[in-house]
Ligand code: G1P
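Let's start with one chain on its own, the form predicted alone, as structure tokens.
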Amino acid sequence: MIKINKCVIPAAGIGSRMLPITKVIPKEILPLVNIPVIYYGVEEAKKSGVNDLIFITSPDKTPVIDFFDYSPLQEKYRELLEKYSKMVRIISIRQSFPKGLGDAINRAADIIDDDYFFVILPDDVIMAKEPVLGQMKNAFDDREGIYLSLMEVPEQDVSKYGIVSGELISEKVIRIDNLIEKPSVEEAPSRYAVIGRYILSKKIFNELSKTKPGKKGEIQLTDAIKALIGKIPVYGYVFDGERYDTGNVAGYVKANIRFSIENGEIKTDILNFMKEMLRKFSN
């Protein structure tokens, strides 16, 4: 059984879908209730056996790393802050210029010395009984290879995602034979969309180094993964969980509502408010 110790978390994006607030506050530390978005990805990685977190950041993203440092704030939060600061070993690598997700992940090439590593895109916050990375690792233990987390999306939404095609080889696992980035409804080979969790082979770095920039001069991770199809097994895993895209305004608001209901201190107030709003705006 192969242990996966490292997880790359790209956090260098400019957060254009969340402007203007992301002009001054990184989207990764915007709060879900009172806990920043980035924490949920870190917690998932830790629960999935990760010891080393590799953050890919940009010059204005130092608050993302600062959050995991201990700070002598109110005694009420001391235990919580100590928990954050001791969760994992954190490594920070600078992506000085935004050249796409593929370029961001390629920055970790010198740090990854194992055969496989995790990737979490922190915008995708997923509530699940078992961490999604853990679910994927269980499938990986049965069939070694690259894994992409998948979610079935409505037909009209396929153009927002990378969409896969392939053979369903178990209830949750698809052997991928093609990956199309943001296809039209007519071009989409399925409704299975790639969501922000990956198990990648270090062989991806060789492909990324050869990948030509695409739209907006960005190097796409999907292009490098497509280049590996047929060379090593590439699978999709249909995860169990509720996914929220906190990188856009609607998804961020929905996530805050959902996490508010999970918070015992404010749950009743929020539910009563929601009932009041439904009565007010249902006609």
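Note that residue numbering follows the sequence shown and begins at 1. These numbers come from a predicted model, not from an experiment. We call the rigid core whatever largest set of C-alpha positions still superposes within 1.5 Å between the two forms.
Below, we turn to the form predicted together with this ligand, even though it does not appear here.
Heavy atoms within 4.5 Å of this ligand in the predicted complex belong, among the stretches 226 to 234, 212 to 220, 58 to 66, 38 to 46, to residues of 212 to 220. Exactly one listed residue, out of Phe205, Phe140, Tyr116, Tyr161, brings a non-hydrogen atom to within 4.5 Å of this ligand in the predicted complex: Tyr161. Between the options Glu130, Glu144, Glu181, Asp177, the residue in contact with this ligand in the predicted complex by a heavy atom within 4.5 angstroms is Glu181. By the criterion of a heavy atom within 4.5 Å, Gly166 is excluded from the residues contacting this ligand in the predicted complex. Residue contact with this ligand in the predicted complex: Ile199 places no heavy atom within 4.5 Å of it. Contact between Lys267 and this ligand in the predicted complex is not found at the 4.5 Å heavy atom cutoff. Shown alone here, Val173 lies farther than 4.5 Å from this ligand in the predicted complex, counting heavy atoms only. Counting a residue when any of its non-hydrogen atoms is within 4.5 Å of this ligand in the predicted complex, the hits in 113 to 144 run Leu121, Asp124. The Cα shift for Lys216 between the shown form and the other one, taken after rigid core superposition, is 2 angstroms or larger.
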